[in-house]
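Read the single chain below, which is given as structure tokens and is the form predicted on its own.
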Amino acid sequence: MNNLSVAKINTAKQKQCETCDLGYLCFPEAGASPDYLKNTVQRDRTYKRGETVFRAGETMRSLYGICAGSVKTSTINSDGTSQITGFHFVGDILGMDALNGKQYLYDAVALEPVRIREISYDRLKKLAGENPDIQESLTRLMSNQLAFDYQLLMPMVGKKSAAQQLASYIHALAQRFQQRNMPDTEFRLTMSRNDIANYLGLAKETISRLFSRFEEEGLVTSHAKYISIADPDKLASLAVLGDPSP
């Protein structure tokens, strides 16, 4: 393969990874060793829908960047029931919460066919200590991930009505997709309504009823798992202010 072909492939890969926080590590600023990535990335892996990426309690050895598809994370409550802790999409990094205790805190399961880049954290940390650019990129990755996780946690913060929780959740998803340069007014909800209900702490029937109400009020339209935000401003208002006073 000639140098021009290699350059085209690398450019295409870089454009594909622009929405991913790992892009800062795969394509660091000038000065990084050109061989550092192949010495750090263990492998790219694919998972079928329902397959487990890692389980709670396993020793943390790698970070997992989602290159395609989506993943849900969950933990087991004291009563033995499963509690969904988050939904993760292209550009998100899984395993960051294990950096302190060195054990994954939740199960990560593919919601659909997923392609993931697995990175050895020990190797990455060693390289970060040797290269300021990589250290800066790693710090930025951690900061961005915390911000994104907090953004999707907001629907459950404070005393909100069920309608406000669902509106906040849809609005947060739209904002997240926008920040990733992905379609933010029309997208596919890869998680089931039962999963959404579990995550928000609501009944599945409540979620179904609210989606019907949102359609009647012209906030969204939906078909199967596809959703279109018909009135972004009204949805944002409901998410932030709640139901208007009668």
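Heads up: residue numbers just count along the shown sequence, starting at 1. Note that the structure is a prediction, hence the values are computed from the model and not measured.
Same protein, other form: the form predicted in complex with the DNA, not shown, and the subject of what follows.
Visitor: Closest heavy atom of Thr81 to the DNA in the predicted complex, within 4.5 Å or not?
Guide: No - in the predicted complex, heavy atoms of Thr81 and the DNA never come within 4.5 Å of each other.
Visitor: So in the predicted complex, is the DNA close enough to Leu202 to count as touching (4.5 Å, heavy atoms)?
Guide: Result yes; Leu202 sits at the interface with the DNA in the predicted complex.
Visitor: With a 4.5 Å heavy atom cut-off, would you call Arg43 a contact of the DNA in the predicted complex?
Guide: Taking the distances in the predicted complex, the answer for Arg43 is no, it never comes within 4.5 Å of the DNA.
Visitor: Please tell me whether any heavy atom belonging to Ser161 falls inside 4.5 Å of a heavy atom of the DNA, as the geometry stands in the predicted complex.
Guide: Yes, contact at 4.5 Å.
Visitor: May I ask you to choose, among Thr185, Thr221, Ser70, Ser192, the residue with a heavy atom within 4.5 Å of the DNA in the predicted complex?
Guide: For this set of options, the contacting one is Ser192.
Visitor: Between Ser212, Gln178, Thr59, Thr52, only one gets a heavy atom within 4.5 angstroms of the DNA in the predicted complex; which residue is that?
Guide: Selected residue: Ser212.
Visitor: What residues of 172-189, in sequence order, lie within 4.5 Å of the DNA in the predicted complex by heavy atom?
Guide: Going through 172-189 in order - heavy atoms within 4.5 Å of the DNA in the predicted complex - there are no hits.
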